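Here you get one chain, nothing else, as structure tokens; it is the form predicted on its own.
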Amino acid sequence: MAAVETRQKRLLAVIALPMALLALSAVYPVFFTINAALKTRKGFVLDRFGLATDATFANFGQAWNQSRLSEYFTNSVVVTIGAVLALLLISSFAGYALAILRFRGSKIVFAIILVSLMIPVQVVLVPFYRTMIALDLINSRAGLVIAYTAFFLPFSVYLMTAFYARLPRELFEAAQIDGAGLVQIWWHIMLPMGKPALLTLGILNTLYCWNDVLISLLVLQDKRTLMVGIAALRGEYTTNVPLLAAGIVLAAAPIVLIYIVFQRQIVSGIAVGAVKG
């Protein structure tokens, strides 16, 4: 018995070491960024990896005001909220139609959505950019909201369709017998029951829209979102690393807060998309 316990302890020790190294590799970049943001430019040059003995918050104020991050932050908030609301509304309607109504050709439509998930964004950037120019949507927040909605809609529709397909069809049939219309059934039955999936979808799409750089860089060329503004803090030949680190901390703070508050919903989102066999 003692030999078995000794083997288990040794096995746990062997497993714990690489896990500890993995955790350190994830935590250290966060610590380094925050520590660098608290240093002056001179202090960082003299000692890059040491603790910030001359800690200052001046970099945060300079990044927020002088580097126009406050303006970029507003752009990101407006665009993200607009895109997420549009994605939730459209995907909820589409998932309801594909999973519950099952109209003629619904399987073909769902198959097209699945295929579109396999197409990389980079493949369609040229026709996408030409379309945006033709529609005069370049340098507009509305254009970026439409772009985010278009690019992230296939995944959203897939998730909502998979969730609604798991619900008992008897609920829909019973509501029809009671005389409820299709919109009434969606509003009073499907939408309330779909809140877990909608919450997960809202969190995921918020992260996608907030962290995006490529699509935002193409659409908002004069205005900028926060992530594009952070990238612009890098100079061509030299970079004020403490200022850049402060900008990164400011940009990451809302996302970290979302992860902390909604971590259970994010993890449960993996199971939400399981299709009923």
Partner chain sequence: MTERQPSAARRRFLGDNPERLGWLFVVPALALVIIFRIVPLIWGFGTSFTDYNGMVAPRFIGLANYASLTHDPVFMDSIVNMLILLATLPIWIGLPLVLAILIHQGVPGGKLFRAVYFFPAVLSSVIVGAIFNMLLRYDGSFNAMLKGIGLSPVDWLGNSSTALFSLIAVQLWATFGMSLLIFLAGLSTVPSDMLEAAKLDGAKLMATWWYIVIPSIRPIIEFAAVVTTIGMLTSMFGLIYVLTAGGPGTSTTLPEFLIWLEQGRMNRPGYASAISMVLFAMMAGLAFIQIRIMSRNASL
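Positions refer to the first chain, counted from 1. Everything numeric here is computed off the predicted structure, so don't read it as measured data.
The following text describes the form predicted together with the partner chain, which does not appear among the structures shown.
Although the partner is absent here, V30 is a contact residue: one of its heavy atoms lies within 4.5 angstroms of the partner chain in the model of the complex. In the model of the complex, the partner chain sits beyond 4.5 Å of every heavy atom of F60. None of the heavy atoms of T56 is located within 4.5 Å of the partner chain in the model of the complex.
Shown alone here, T161 lies within 4.5 Å of the partner chain in the model of the complex, counting heavy atoms only. Distance criterion of 4.5 Å from any heavy atom to the partner chain in the model of the complex singles out L135 from the list V78, L135, L191, L85. Annotation for 9-23: interface residues with the partner chain in the model of the complex are L11, L12, A13, I15, A16, M19, A20, L22, A23 [heavy atom within 4.5 Å].
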